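The chain below stands alone, shown as structure tokens; this is the form predicted on its own.
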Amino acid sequence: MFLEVQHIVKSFHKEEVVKDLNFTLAAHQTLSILGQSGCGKTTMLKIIGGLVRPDGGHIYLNGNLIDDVTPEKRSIVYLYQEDLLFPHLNVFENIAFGLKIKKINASEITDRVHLMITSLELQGQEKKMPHQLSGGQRQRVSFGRAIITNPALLLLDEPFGSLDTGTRARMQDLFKRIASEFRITSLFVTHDLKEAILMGDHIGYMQSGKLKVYESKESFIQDDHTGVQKEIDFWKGLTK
């Protein structure tokens, strides 16, 4: 497996936030993780990204133990709900930032950024500043900046949570296409039931620091703890 998380535990002030976390993920797959606020989802992502050190356990990425690897050397990108674009850089410059840090030559940067802009459907927006963009456009730029560096793993923490319903649906469709096009391996955290089902090749449910990854979407849907059956019953009730 490309990502292996083994027996990760983490406590804050004697409160166990992550409890014996165990799961694997194959390359070029997305694991969506459903869970309510405070269940440990963000702490889990930060541990995998190297931003928080666990109290125990191990993490392997592409067969390599990364427990002691610093965040900037893990080839992992963490995307927050906020786009966190550089306000003094335009769209092109924001997307190109990681390539410039890697000292890629200018002509290659130009080619790769223009290709990314086309994939993100941002043609004509290259010279705009972040404050001139809509929420969905800013999130697209954030995706482009993250993906263009070819990270081994993408961690998405409620990336569409601040968007309106219509924009959120368009961003979900865009991410699915981009994930396939660029062969992305990712963990997609959300508290939205529909989004969890739509976004993941596999689905996990996190509650009180414990994560259960389901063998199939069908088994996820039929587990009473996930809330899917209650949602189905609700809509059925409206049609009677």
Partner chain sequence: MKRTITLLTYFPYILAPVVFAACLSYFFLKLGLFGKPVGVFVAQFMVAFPYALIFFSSFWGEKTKSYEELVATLGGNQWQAFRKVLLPIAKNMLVICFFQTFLISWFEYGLTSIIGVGKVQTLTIKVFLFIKESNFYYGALSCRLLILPPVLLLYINKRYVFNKLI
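Positions refer to the first chain, counted from 1. From a predicted model like this one, the values you see are computed outputs, not experimental measurements.
Note that the form predicted together with its partner chain isn't included here; everything after this is about it.
Remark: A169 does not count among the residues lining its partner chain in the predicted complex, judged by a heavy atom distance of 4.5 Å or less. The shortest heavy atom separation between L122 and its partner chain in the predicted complex exceeds 4.5 Å.
In the predicted complex, its partner chain sits within 4.5 Å of a heavy atom of K46. Its partner chain is not drawn, but in the predicted complex it has a heavy atom within 4.5 Å of E72. The contact with its partner chain in the predicted complex, taken as any heavy atom within 4.5 Å, belongs to V77 out of I109, V77, M116, L163.
In the predicted complex, its partner chain lies within 4.5 angstroms of at least one heavy atom of each of the following residues of 80-117: Y80, E82, L84, L85, F86, P87, H88, F97, G98, I101, K102, K103, in sequence order.
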